[in-house]
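First comes one chain, alone, set out as structure tokens in the form predicted alone.
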Amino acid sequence: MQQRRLGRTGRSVSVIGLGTWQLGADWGDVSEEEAIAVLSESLDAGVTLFDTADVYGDGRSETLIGRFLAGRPGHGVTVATKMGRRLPQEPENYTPENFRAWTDRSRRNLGVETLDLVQLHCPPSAVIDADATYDALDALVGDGTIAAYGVSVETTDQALAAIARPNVAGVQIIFNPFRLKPLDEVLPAAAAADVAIFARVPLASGLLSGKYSRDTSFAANDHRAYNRNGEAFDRGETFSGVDYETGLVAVEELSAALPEGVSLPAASLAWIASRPGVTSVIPGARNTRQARANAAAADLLDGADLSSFEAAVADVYDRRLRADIHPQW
């Protein structure tokens, strides 16, 4: 597994990481046994970045990761957690006191003294723009509570604002064949500033798995059932904001451009990882088969010809998605 430098932190992380939202909640039920198996399969495949958050299952995801890593000394994994959604996402809640309480809780959940990387969890733009935000985060670095910090964002404007801050180590943003706007300015700016980019929602909530149809149903507690129009949180988090029916048509067209023997999810992950400025791609996995397949996509970075797929990504986006998606995020 290819490793890349995590911005200015001095750490290295795998080019394919593991997102662990699905090990906490909002994707239907995943048992503890299944969750631990996904973590084990990923680590054994060379994955050295686990991305989590304090609200994934109200701490369940963090706790499972902490328990698993405690049994794997010398694991070499960087755990990137997130904070800021335990209270309403209003600027007045992003205080030094709350930062301290949230990070202390994550330290307990993960069983560590110092958190590797803490990201603000899609805060309001006013928080990203405020000097006080970074003063509070710098204080946490100064006393050893956290080793580094970053920001998970919804929009490219938010990403650019975070990248401009001198001590931001990483920015996490939705980037996939259905969400190309980060290519315009965010990835070049991050590369120039030595800020890591984590590409989240890389398979568009599973749409880019190529396995869904108009007849696919999702559990009632799965955000793909209850948040398609942004009923619970930002619409862009579910299917990358793409209309489901439109996404199915786009998937068919992308699938027609795949190299022989390459699956749509593998091509999508490898294409994202091959973009200059991307540090790691963080797909989720509900089972060991998915975890294994996600990690194996990194093999395509060693000389696979994805040129026809790349051309199709640009064409499909321009014809079917750009008008609706590009102006929003």
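When you see a residue number, it is the position in the sequence shown, counting from 1. All values derive from a computational prediction rather than experimental measurement.
Keep in mind that the form predicted in complex with a small molecule is not shown, yet the notes after this line are about it.
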Using the partner position in the predicted complex, report whether residue 49 sits within 4.5 Å of the small molecule, counting heavy atoms only. no
Is there a non-hydrogen atom of residue 21 within 4.5 angstroms of a non-hydrogen atom of the small molecule in the predicted complex? yes
Hey, in the predicted complex, is residue 84 touching the small molecule, heavy atoms inside 4.5 Å? no
Does residue 241 reach the small molecule in the predicted complex if we count a contact as any heavy atom within 4.5 Å? no
Listed range touching the small molecule, judged in the predicted complex by heavy atoms within 4.5 Å, from 31 to 39, 66 to 74, 276 to 284, 300 to 308: 276 to 284
May I ask whether 152, 206 and 224 each come within 4.5 Å of the small molecule in the predicted complex, counting any non-hydrogen atom? yes
